[in-house]
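The chain below stands alone, shown as structure tokens; this is the form predicted alone.
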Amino acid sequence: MNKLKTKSLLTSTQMILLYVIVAFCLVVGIRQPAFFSPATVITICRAGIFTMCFALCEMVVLISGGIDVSFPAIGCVAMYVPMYIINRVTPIDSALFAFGLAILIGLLFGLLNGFLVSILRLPPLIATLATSSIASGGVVTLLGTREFTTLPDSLQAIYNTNIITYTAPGTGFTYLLNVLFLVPVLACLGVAWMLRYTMLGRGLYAIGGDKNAARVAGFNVRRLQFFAYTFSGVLTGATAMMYTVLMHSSTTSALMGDEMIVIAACVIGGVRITGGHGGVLGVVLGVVLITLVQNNLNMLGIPTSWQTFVVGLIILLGTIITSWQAKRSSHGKA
């Protein structure tokens, strides 16, 4: 029995991902010894902040049996409207206002997605595509496309607050890890706890596995779907303002196209597109792998133009592994 458990653990999606990450790091490190340094860890942590937050949004929706491709457009609106007001309407120097308005915008769009999916019963892909078009088209039509790069003092203070400062010996280059890195860390812990220990988490898995069975078991399917999309919207709004702070930029298209990277991180992390399966640990490893590939292909002598191809290959391999794990699990139960 213990041998079976050990074999199952060693061949789990998370362990396979860990093997791939270790192998990738070894290959890059052998080619570029400077890769094995605290600077690399800080760079990966900083680069993965936004992807990790968006991946948590997508994971919760996927587990519930849906899909959300609207979060990049929602994020663009959530970052652009507060900065437009601060720069063009009235100079409100308040981080609370900026983040609060961004979260409120995310909440409203999340409720819209929840309404379209749970009340009108539109297919999630169609519903969120519609929301994406409404958000991206509406903000451009109403507010224009000007880029804002100046932060009010309150947001600049957040940008200047770091939890780690590392100066590389020899080069003297300083690597900083901003305090906003704590947001995805706390979000991962909170979502992991929610999925594992609460009825809300069990309900999300239940409706993702079989909505009718979940309904018979007493779960409120509509309420759970509303929660999934609302959660996604709220965290998207907060992440969008984090992007503005760390990148010193707010545009109407800054996040567009990120959905494929985020879905890739979820899929290779073991979250099934069909719903009802997945976890935070797998998604974290998926984000780490995607971030490593995005930031270190050039160290292997591979042109950056190949990045999309490699990510697509990772999605394919991740889907194959997930499918294999599902078949193995069903055969084991049989």
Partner chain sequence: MKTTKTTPAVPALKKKGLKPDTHITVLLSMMAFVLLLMAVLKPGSYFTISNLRSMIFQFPEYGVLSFGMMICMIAGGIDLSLVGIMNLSGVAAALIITNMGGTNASIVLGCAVALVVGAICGALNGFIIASLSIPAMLVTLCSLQLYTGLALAITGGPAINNMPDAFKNIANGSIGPIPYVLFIFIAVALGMAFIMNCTVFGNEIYFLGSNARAARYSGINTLRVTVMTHMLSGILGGISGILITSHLNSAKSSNGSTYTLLTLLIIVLGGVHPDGGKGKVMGVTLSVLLLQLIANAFTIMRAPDTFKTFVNGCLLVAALILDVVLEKRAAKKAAKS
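Positions refer to the first chain, counted from 1. C-alpha atoms forming the largest set that superposes within 1.5 Å between two forms make up the rigid core. As the structure is a computational prediction, the values presented were derived from the model and not from experiment.
The form predicted in complex with its partner chain is left out here; the points below concern that form.
- Just one of Leu182, Ala157, Val140, Leu111 comes within 4.5 Å of its partner chain in the model of the complex, counting any heavy atom, and that one is Val140.
- This chain is displayed without its partner chain, yet in the model of the complex the stretch 113 to 121 from 183 to 191, 97 to 105, 113 to 121, 226 to 234 comes within 4.5 Å of it by heavy atoms.
- Residue contact check for Ile273: one or more of its heavy atoms lie within 4.5 Å of its partner chain in the model of the complex.
- Contact check for Thr161: no non-hydrogen atom falls within 4.5 Å of its partner chain in the model of the complex.
- At a distance threshold of 4.5 angstroms between non-hydrogen atoms, Asn212 is in contact with its partner chain in the model of the complex.
- Though the partner is left out of this view, Ile263 does reach within 4.5 Å of its partner chain in the model of the complex, counting heavy atoms only.
- In the model of the complex, not one residue of 91 to 109 has a heavy atom within 4.5 Å of its partner chain.
- Once both forms are overlaid on the rigid core, the distance between the two CA positions of Cys25 between this form and the one not shown is under 2 angstroms.
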